[in-house]
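There is one chain below, alone, in structure tokens, taken in the form predicted on its own.
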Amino acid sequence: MSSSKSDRGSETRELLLVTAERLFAEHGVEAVSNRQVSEAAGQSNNSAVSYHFGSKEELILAIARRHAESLELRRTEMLAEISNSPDLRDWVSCLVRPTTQHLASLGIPSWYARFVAQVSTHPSLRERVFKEASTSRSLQQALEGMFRLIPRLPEDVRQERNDMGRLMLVHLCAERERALQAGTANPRSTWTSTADGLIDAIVGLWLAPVSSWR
């Protein structure tokens, strides 16, 4: 394959990724077909997605991987800064700030937060995407550091609060991203202050007493 043909292929792949991320974010995963992605990306070949990615699931994983490097780098740098901190807030920050910093770097409009929110509600895709994300070494280190500092909890409560924290992060970021595009976000709020609020809430979530469990 010539270099020019290879370059065109890379450009087409990138265009499909950007287009699919936007369409999935705005309309949901099930509502958008591979054909619609190809057409919205201006491809005369309606099978362009299948040619470059094989399936919708692989396309979605490719979108997630497109952002993963930035998140991993940011989180790794934060972990190096906090070392073995005894402060729970530092470890929660390593879970929150890489995402909000990455979203800030994408500018306005962006679609990544809403894409993640859409995927997180899909019964089969969410497991595949979250499972792949969980292989991140920096994410594992941040979670291990956090769990060393939280009070001992029943396993069911721990899992419930872990789900709550993830949902807060995913959906609050998606709501802010949507508001920024619509021009309705609080002008005094920033991604940094959004992260501050999320960290406060997630730390409080983990330190909250357990009133009852059945």
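All residue numbers are counted from 1 along the displayed sequence. Just so it is clear, the structure is predicted and the values come from calculations on it, not from any experiment.
The following text describes the form predicted in complex with a further copy of the same chain, which does not appear among the structures shown.
Classify Leu149 as contacting or not contacting a further copy of the same chain in the model of the complex by the rule of any non-hydrogen atom within 4.5 angstroms, answering yes or no.
Leu149: no, not in contact with a further copy of the same chain in the model of the complex.
Is His52 part of the interface with a further copy of the same chain in the model of the complex - any heavy atom within 4.5 Å?
Judged by the heavy-atom cut-off of 4.5 Å, His52 is well away from a further copy of the same chain in the model of the complex.
Hey, in the model of the complex, does Glu58 get a heavy atom within 4.5 angstroms of a further copy of the same chain?
No - in the model of the complex, heavy atoms of Glu58 and a further copy of the same chain never come within 4.5 Å of each other.
With a cut-off of 4.5 Å between heavy atoms, is Leu198 one of the residues that contacts a further copy of the same chain in the model of the complex?
It does: once a further copy of the same chain is placed as it appears in the model of the complex, Leu198 has a heavy atom within 4.5 Å of it.
Which one, 39-47, 60-68, 22-30, 141-149, holds residues whose non-hydrogen atoms are within 4.5 Å of a further copy of the same chain in the model of the complex?
Answer to the contact question: 22-30.
Every residue of Ser105, Ser136 and Leu180 near a further copy of the same chain in the model of the complex, heavy atom within 4.5 Å
Per the other structure, none of Ser105, Ser136 and Leu180 touch a further copy of the same chain.
For the stretch 152-179, which residues lie within 4.5 Å of a further copy of the same chain in the model of the complex by non-hydrogen atom distance?
Those in contact are Asp156, Val157, Glu160, Arg161, Asp163, Met164, Arg166, Leu167, Met168, His171, Leu172, Glu175, Arg176, Arg178.
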